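Here's a solo chain for you in structure tokens, the form predicted on its own.
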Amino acid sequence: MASIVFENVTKAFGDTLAVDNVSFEIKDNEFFCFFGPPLSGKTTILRLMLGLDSPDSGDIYIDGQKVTQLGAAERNMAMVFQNLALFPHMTALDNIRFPLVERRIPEPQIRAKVEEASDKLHIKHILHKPPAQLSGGERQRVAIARALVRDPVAYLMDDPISALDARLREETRVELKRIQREIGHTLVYVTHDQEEAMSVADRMAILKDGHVEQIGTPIEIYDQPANSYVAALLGAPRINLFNVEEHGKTWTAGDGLLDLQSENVPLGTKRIGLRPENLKIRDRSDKDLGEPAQVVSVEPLGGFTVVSVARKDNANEVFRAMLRGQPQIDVGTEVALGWDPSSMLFFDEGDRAISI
């Protein structure tokens, strides 16, 4: 069990700055997730934590002890790599046993730990098979079990379930969350899947080009993003971002699709954000709200429907509304847009969030 602290850590590979002056604290027993697009610095941060790479500057602490110059073996962390790194000539059982055998753990303890991890991940029936005879999901569970049998200060996982199909990914992330609660260890998790990140993390860090853009609980970040980049990264469908224009005492957004009340628009606003679940579709027979919009696509998804609209004379800028159920709306229908002013997010010229 351990807390992990980065203080002003920077790491470059040649001319590429992978991690740029990053600082954060991961609390003891926390399920902490790093989320961002490819090449945002997620895996490099894990490698710096583990001791596979050394920072160019800054310091790393585990449970208050400075470990910046310590190697991986001295940090006692368990890692599940994205490529799994299973030994092909060993059975699943021998792969799981390997770190314990290397540490000369007594055989009765090895058997007990392997049985416990196998039970938790439901893989007892495949322990006799080599990796080549396992499915992608089974191999990933074996790799996770190999990490679980150890007693490290923290578990590090680099996109460990990315190769699974959607249903198995959902089941496995629920299992990981349950296991983390049971074992009571710090778990650091890297993913590029926003749904996965939001569902498992106690707290998460949003990364961009080696920078930490925001740290908080998933709900905090979703409801109060630090900037438009973070707002757009979380949520499916993506948040609608409307450019705002001032016309004397009135304001419009989205090329005239939205009429805004001046008292609802903070000083310095250049863009507003409305998540698809907060954007409403209204019939044009109702009181007009801004310029007319036209439905350009309808995506029925069972419990909800995504309706894409654009200004009639500008189909290049499309906005999405997520409606409950399966409303009968046809492509080409002329509509108006509505919203709850309290659901709007405001961004300044630098795309930073404006607090209200």
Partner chain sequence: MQRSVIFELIRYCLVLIALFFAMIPVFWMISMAFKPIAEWTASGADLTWWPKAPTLDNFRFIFGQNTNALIVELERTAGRAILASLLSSVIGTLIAMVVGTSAAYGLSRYNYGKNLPLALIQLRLFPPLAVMIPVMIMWTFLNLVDTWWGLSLIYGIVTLPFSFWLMKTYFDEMPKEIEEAALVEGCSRFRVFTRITLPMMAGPLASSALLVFILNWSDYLIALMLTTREWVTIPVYMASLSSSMTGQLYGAKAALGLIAAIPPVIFGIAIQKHLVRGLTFGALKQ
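In this text, all values refer to a predicted model and were calculated from it rather than measured experimentally. Positions refer to the first chain, counted from 1.
There is another form of the same protein, the form predicted in complex with its partner chain; it is not shown, and what comes next is about it.
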query	finding
Complete contact of L86, M90 and P160 with its partner chain in the predicted complex (any heavy atom, 4.5 Å)	yes
Its partner chain contact in the predicted complex: T252, any heavy atom under 4.5 Å	no
Exercise: A73 in contact with its partner chain in the predicted complex, heavy atom 4.5 Å	yes
Distance check, R150 to its partner chain in the predicted complex, heavy atom within 4.5 Å	yes
In the predicted complex, F242 touching its partner chain (heavy atom, 4.5 Å)	no
Candidate stretches 221 to 229, 234 to 242, 126 to 134, 112 to 120 - the one whose heavy atoms come within 4.5 Å of its partner chain in the predicted complex	126 to 134
Of T172, Q82, Q194, Q214, the one that lies within 4.5 Å of its partner chain in the predicted complex (heavy atoms)	Q82
One residue of R275, H185, K177, R139 in contact with its partner chain, assessed in the predicted complex (non-hydrogen atom, 4.5 angstroms)	R139
Heavy atom contacts to its partner chain in the predicted complex at 4.5 Å, residues of 46 to 72 in sequence order	R47, L50, L52, A72
